[in-house]
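This document opens with one chain alone, in structure tokens, the form predicted alone.
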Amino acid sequence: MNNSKTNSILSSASNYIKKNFSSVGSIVLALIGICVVWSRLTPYFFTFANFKNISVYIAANGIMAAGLTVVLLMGGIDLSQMALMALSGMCVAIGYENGASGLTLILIAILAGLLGGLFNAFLITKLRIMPFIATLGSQLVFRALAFISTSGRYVTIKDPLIKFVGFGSVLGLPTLLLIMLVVYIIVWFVLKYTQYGRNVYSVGSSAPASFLSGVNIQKERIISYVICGACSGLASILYIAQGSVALNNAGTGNELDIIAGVILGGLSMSGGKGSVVNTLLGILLMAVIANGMSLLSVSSYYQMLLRGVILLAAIFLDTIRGKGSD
């Protein structure tokens, strides 16, 4: 009898979460609620300067999250994004020290990220290594190369274009934020209106069925990891731009923040469900939480604790959604 009641409660909870925690509206409500709480606790939250800080804070992570969205929709995972971002940044530093400037530096960053994504794709599609293990290993490779490339040195970069990316604005909006929004518009368009986008959802929902319908699954997975890597490369420019320095330890300790934000946004780790719009809201939610804790001078240890709790909650919600759809 007790087991029957427990199963009934769990079933009801699963259905409720599936219906109410998978929509854009639920994330918006959570954002509003958290904003109300922070505004009551600190007078500095609802200020234009703070909202600008949040938009700058989410820019680089937001771009990487857009790339991760494509991979997750296909049922994959990428744990190497932060390390690849750091390595791409050091490639930019090497280019800068050898006379490269402006747009060339941006192209170097994107190319370095693209090659890193291609390496991940090779491990997964050709060597048949599970995505989790493959990208966990490549994370260590990329991070080590980031240190080896400049013998552990940080490199100051004073390029005018990079400075404009970090501190400039267009129509009153930070350049960092505009770059992120352009990336989201492109990814949204590709996923919604192209054959590749339809294939991404198809493979994520059922790889065997997609194969039988003529989809080249390996090709689509390679493209998804290349996109993810290119986004990490572009994000490195934004990280460098904020401090005018390339750091080989950039992103250390924050490797799972992007995954937590994407899953909070409603993407399923099993693939085939979600949208890049939800991803943006999930990343924004994580940023607002982090911003409020910083304004309240919450200890970094407690911030780490809360990030861990949020990650576990995100995975739990994803699990419940999966059960609800069975």
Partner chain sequence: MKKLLQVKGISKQFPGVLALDSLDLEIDCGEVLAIVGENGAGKSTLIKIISGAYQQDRGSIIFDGNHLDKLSPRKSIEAGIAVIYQEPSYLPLMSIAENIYVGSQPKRAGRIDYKALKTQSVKIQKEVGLDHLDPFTPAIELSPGERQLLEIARAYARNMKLLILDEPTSALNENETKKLFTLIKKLRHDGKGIIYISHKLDEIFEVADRVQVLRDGRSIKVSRLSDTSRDDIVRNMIGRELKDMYPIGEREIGEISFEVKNLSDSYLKDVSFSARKGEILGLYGLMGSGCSEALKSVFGIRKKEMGEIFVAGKKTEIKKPRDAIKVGIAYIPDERKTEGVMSGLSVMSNISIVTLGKYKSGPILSPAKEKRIASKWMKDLNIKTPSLSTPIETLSGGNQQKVIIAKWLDNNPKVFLMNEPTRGLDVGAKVEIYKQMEALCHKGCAVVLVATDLPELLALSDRVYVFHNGMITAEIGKSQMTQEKIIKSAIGEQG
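Residue numbers count along the first chain shown, from 1. Remember, predicted model here, so these are calculated numbers, not experimental data.
Quick note: we don't show the form predicted in complex with the partner chain, though the next part is all about it.
- Contact with the partner chain in the predicted complex, judged as any non-hydrogen atom within 4.5 angstroms, is confined among 235-243, 204-212, 134-142, 116-124 to 204-212.
- The closest heavy atom approach of K52 to the partner chain in the predicted complex falls outside 4.5 Å.
- The partner chain is not shown here, but in the predicted complex it comes within 4.5 Å of a heavy atom of N216.
- The partner chain is not drawn, but in the predicted complex it has a heavy atom within 4.5 Å of N199.
- For T156, no non-hydrogen atom is located within 4.5 Å of the partner chain in the predicted complex, even though that partner is not displayed.
- Of the residues given (N254, S169, S101, Q195), Q195 alone sits with a heavy atom within 4.5 Å of the partner chain in the predicted complex.
- Contacts between 261-285 and the partner chain, taken as any heavy atom within 4.5 Å in the predicted complex, involve G272, K273.
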